[in-house]
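Next up: just one chain, as structure tokens, the form predicted on its own.
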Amino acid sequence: MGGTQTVTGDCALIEVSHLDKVYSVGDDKVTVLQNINLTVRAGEFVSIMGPSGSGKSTLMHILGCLDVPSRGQYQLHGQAVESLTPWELAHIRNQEVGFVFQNFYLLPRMTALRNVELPMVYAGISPVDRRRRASELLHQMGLSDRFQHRPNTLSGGQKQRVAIARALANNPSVLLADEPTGALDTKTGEEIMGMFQALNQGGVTVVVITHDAKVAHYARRTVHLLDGKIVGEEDLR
């Protein structure tokens, strides 16, 4: 099993064009995202920043193939996501996207090692190869002495490191992180964001969803979202 995908350059990994997301609430239609146009190139570190209710979590769900747009186009690695079947979307979520969430979502009865192995089980990786890969990733996260620990024995920062290792398990094209420091103290949050920076410097494409300007500034580019629309962009390099 190889390392995480690290293709860089001018390759458009994510291309979103004129994307809308509309929900039905009774007889009403609620537009959560409107005319979103966004490109993320391979090897970038991008933050999508906005206040609560701005639509950023909905956008993340679409980028991560957890949801589909109501109108417009979304291409991931050149694939038109809105035309894919549920099975194809599930395959993309397992193979192409690594997720990191605020609340970690580790399985409580499984050790750190088994939590990291789980995406590889669904991908059909052999027990020997997935054990090797999970061990390498936990070592990379500084958790060599925590392989057999269950989540309730880990600190918040350690849980998030396990979650990052799990997100990297199947060599995803992009790492999507939704408020990854939201459940952590300031110092631990800084350590986790430094880890995302190091991964990006190694070639991993990272997209962070956040309401926090301090978190956003770890990225090289910040896209500002307000009331379901992109209202600005900053290049922070």
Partner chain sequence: MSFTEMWLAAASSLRASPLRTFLTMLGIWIGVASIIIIVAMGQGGQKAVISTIASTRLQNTIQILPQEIVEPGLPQPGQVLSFQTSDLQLAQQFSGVASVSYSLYGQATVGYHSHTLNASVQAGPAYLNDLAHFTVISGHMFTSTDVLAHRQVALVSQSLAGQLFGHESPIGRVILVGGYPLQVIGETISSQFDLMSRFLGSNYLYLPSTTCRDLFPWWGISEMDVQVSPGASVGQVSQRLVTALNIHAHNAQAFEDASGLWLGLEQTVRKVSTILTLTIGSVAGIALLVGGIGVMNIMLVSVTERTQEIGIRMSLGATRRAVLLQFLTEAVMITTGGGLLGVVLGVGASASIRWFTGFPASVSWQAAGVGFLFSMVIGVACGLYPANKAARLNPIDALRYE
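Positions refer to the first chain, counted from 1. Please read all numbers here as calculations on a predicted model, not as lab measurements.
Heads up, the form predicted in complex with the partner chain isn't pictured, but that's what we're talking about next.
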Query raised in the report: Among the candidate residues 66, 30, 198, 183, which is the single one with a non-hydrogen atom no more than 4.5 Å from the partner chain in the model of the complex?
Result: 66
Report task. May I ask you to choose, among 57, 34, 70, 173, the residue with a heavy atom within 4.5 Å of the partner chain in the model of the complex? Result -> 57
Requested in this report: Could you tell me which stretch in 119-127, 151-159, 137-145, 70-78 has residues with non-hydrogen atoms within 4.5 Å of the partner chain in the model of the complex?
Outcome: 119-127
Query raised in the report: Taking 99, 107 and 166 as a possible spot, do all three reach the partner chain in the model of the complex with a heavy atom inside 4.5 Å?
Result: yes
Query raised in the report: For residue 90, is any heavy atom within 4.5 Å of the partner chain in the model of the complex, or not?
Result: yes
Query raised in the report: residue 111 near the partner chain in the model of the complex, any heavy atom under 4.5 Å?
Result: no
Report task. Mark residue 61 yes when one of its heavy atoms lies within 4.5 Å of a heavy atom of the partner chain in the model of the complex, and no otherwise. Result -> yes
Query raised in the report: Out of 136-162, which residues reach within 4.5 Å of the partner chain in the model of the complex, heavy atoms considered?
Result: none
